[in-house]
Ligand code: HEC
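One chain is shown next in C-alpha cells, namely the form predicted alone.
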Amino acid sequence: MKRLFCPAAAALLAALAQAAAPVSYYNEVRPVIQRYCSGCHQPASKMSDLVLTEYTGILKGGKKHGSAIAKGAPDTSPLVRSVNGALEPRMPLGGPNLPDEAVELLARWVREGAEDDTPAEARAPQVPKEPPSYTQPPVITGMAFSPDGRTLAVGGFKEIVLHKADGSGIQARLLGRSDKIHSLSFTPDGALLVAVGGTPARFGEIQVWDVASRKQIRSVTATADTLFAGDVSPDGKRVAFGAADKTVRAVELETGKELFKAGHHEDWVLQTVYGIDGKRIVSVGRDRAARLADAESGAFRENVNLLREKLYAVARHPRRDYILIGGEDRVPYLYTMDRPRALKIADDSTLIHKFEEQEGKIFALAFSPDGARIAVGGIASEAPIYDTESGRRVAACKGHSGGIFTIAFHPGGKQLATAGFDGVVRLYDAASGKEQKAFIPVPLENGEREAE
C-alpha cells in the first residue's frame, strides 16, 4: 500500500519533536542570558554579587537569593522569578521585560533539570601551553612601542609578540586567553604592558603583563563580548576602554577593580583616550560622538564634536588637550577638549583643523611624540603623515593591502610603524615615508618572516 505524504502532519510531528527535545543551555538559554542579563551580572560589575556569564555563576548565585536556579522547580528559582515578575524588582532592571517565550524557555530549562550542555571546546578558554602555529599572518589590530624605544609589542592570536623595535627578531611570546588583542599600551615607566581584547561573543579581557619578567600579573574579564581599544592613564594606574554594550569602563591596574561603568554612548564604544592630567576621558564610537567624561566617575560632561558619521579612532596630542578623531566620513578632525564658549546646538566651536579626505574609512590615528605631526591609517593603500599645525601632507607610507588598523610612532619620533589586514608590520622613515623594513611578526610554518 502506497503511503501519502501530508505536509501539515509532517510539520506537526516536527513541532512536537522539537517541543519534546530538552532545552539546550548552550544553544538556547545562554543567548537569552547574554542578551538580557549579562550586561549587569558579569565579572566586572557583579550586581548583587551575581555573575550570569557562566553556568557556574548561575549555580553559585548572588548574595541576596543564593543559587539562581532550583533544578526542577522554576517556581522557586530566582532566575525565573526575577524575569516573570514574581520577585521585585523585576529584571532586567530599568529595561523592557523579557518576551514571554524567553521567560517560558528559562522556566522549561529549569523544570527539565537545568543541565549544562556546553561543549568541551566552548568552555572557558585556558591560557595555551604552547604558542599557536600560523599558516598565514594574523590580522593585526594592536601594536605599541615601549617607552624606551627598544621593544615593539604586536597582538597575535591568543598571544602578544614582543619584537626588537627594528623588527630584527622576537624577544618573547606572551600567551593569553583572548583570541583577539584590540589595543596595546605600556605604562609611562615601561614596567607594565596592558592589552585590551577578548574573544568575540564570549568575553572581553584586560591583560596586565610585567614587562621585565614576561609574566601576566592580572586578567580582568568584562562583558560577554570582546573589548575595544583602551588607554592607560598618565599616572600608569588605570586603563579606560570601550565595549560593545555601549559602555566606557575603567579598571585599576594594581587590583583589577572596576572603577566605573558609564553608559552615555548610544552604540559600540571603540576607543578612549585620557586627557593630559588624567582627569578627563574622551571616547568615540558608532554613535558618531566624541564624548568628554570625568575620569574618576565616568560622568558625562559634553560632546566635543559636531556629529557627522561613525567614529572609529581617537588620539590625544602629547602636549596639549587636543584630540584627533576619524571614522566613516574619511576625514580626520582636530578638536580641543576645552570649549571656548557656551555649548550651542550644532556647535563646532571646538574644531581646530579639518584635514583632507582619505581614500577610505579611518581606523587608526597617531601623533608624533612632539605633536608636530599626525599619521592616519584606514581602508587605504597608504598611511599619510601631516603637519599638525598647517594640515599639509608631508609624507605617505605605502605598501599595505586590505587596510591599516593600527599605527604607532617610535618614541624617538623618526619612525612610524603600521600594521593591519595583511598581517605585515611595516617600519617607515617618518620624515620621508620611505619603507625601511617589512616583516611578518609571527613565525609561519613555512619559516617565512620577511614580507614582500
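Just so it is clear, the structure is predicted and the values come from calculations on it, not from any experiment. We call the rigid core the largest set of C-alpha positions that still match within 1.5 Å between the two forms. In this text, residue numbers run from 1 along the sequence as written.
Omitted from view is the form predicted together with ligand HEC, to which the following refers.
Novice: Would you classify M91 as touching ligand HEC in the predicted complex, given a 4.5 Å non-hydrogen atom cut-off?
Specialist: The answer is yes: M91 has a heavy atom within 4.5 Å of ligand HEC.
Novice: Within 4.5 Å, heavy atoms only: does Q415 come near ligand HEC in the predicted complex?
Specialist: Q415: no, not in contact with ligand HEC in the predicted complex.
Novice: Is there any non-hydrogen atom of C40 lying within 4.5 Å of ligand HEC in the predicted complex?
Specialist: Yes.
Novice: Do A243 and ligand HEC share at least one heavy atom pair within 4.5 Å in the predicted complex?
Specialist: Looking in the predicted complex, residue contacts with ligand HEC do not include A243, since no heavy atom lies within 4.5 Å.
Novice: Could you tell me which one of I374, L79, V273, L311 places a heavy atom within 4.5 Å of ligand HEC in the predicted complex?
Specialist: Flagged contact: L79.
Novice: Between I379, V139, L253, V83, only one gets a heavy atom within 4.5 angstroms of ligand HEC in the predicted complex; which residue is that?
Specialist: Looking at the other structure, the residue within range turns out to be V83.
Novice: Within 4.5 Å, heavy atoms only, one stretch in 59-67, 402-410, 385-393, 423-431 touches ligand HEC in the predicted complex. Which?
Specialist: Flagged stretch: 59-67.
Novice: Indicate whether the candidate residues Y36, S48 and L98 are all in contact with ligand HEC in the predicted complex, with contact defined as any heavy atom within 4.5 Å.
Specialist: Result yes, every residue of the spot touches ligand HEC.
Novice: Using a rigid core alignment, state whether the CA of W109 is displaced by 2 Å or more between this form and the one not shown.
Specialist: Yes, W109 moves 2 Å or more.
Novice: I want to check V32: does it shift between this form and the one not shown by 2 Å or more at the Cα, with the core superposed?
Specialist: After core superposition, the displacement of the V32 C-alpha between this form and the one not shown reaches the 2 Å mark, so yes.
Novice: Inspect the rigid-core superposition and answer whether the C-alpha of G412 shifts by 2 angstroms or more between this form and the one not shown.
Specialist: No, shifts by less than 2 Å.
Novice: How does the CA gap of G263 and G57 change in the predicted complex versus this form, closer or farther, if it moves 3 angstroms or more?
Specialist: G263 and G57 sit closer together in the predicted complex.
Novice: Quick one: F260 and Y36 C-alpha atoms, closer or farther in the predicted complex compared with this form (3 angstroms or more)?
Specialist: Farther, not closer.
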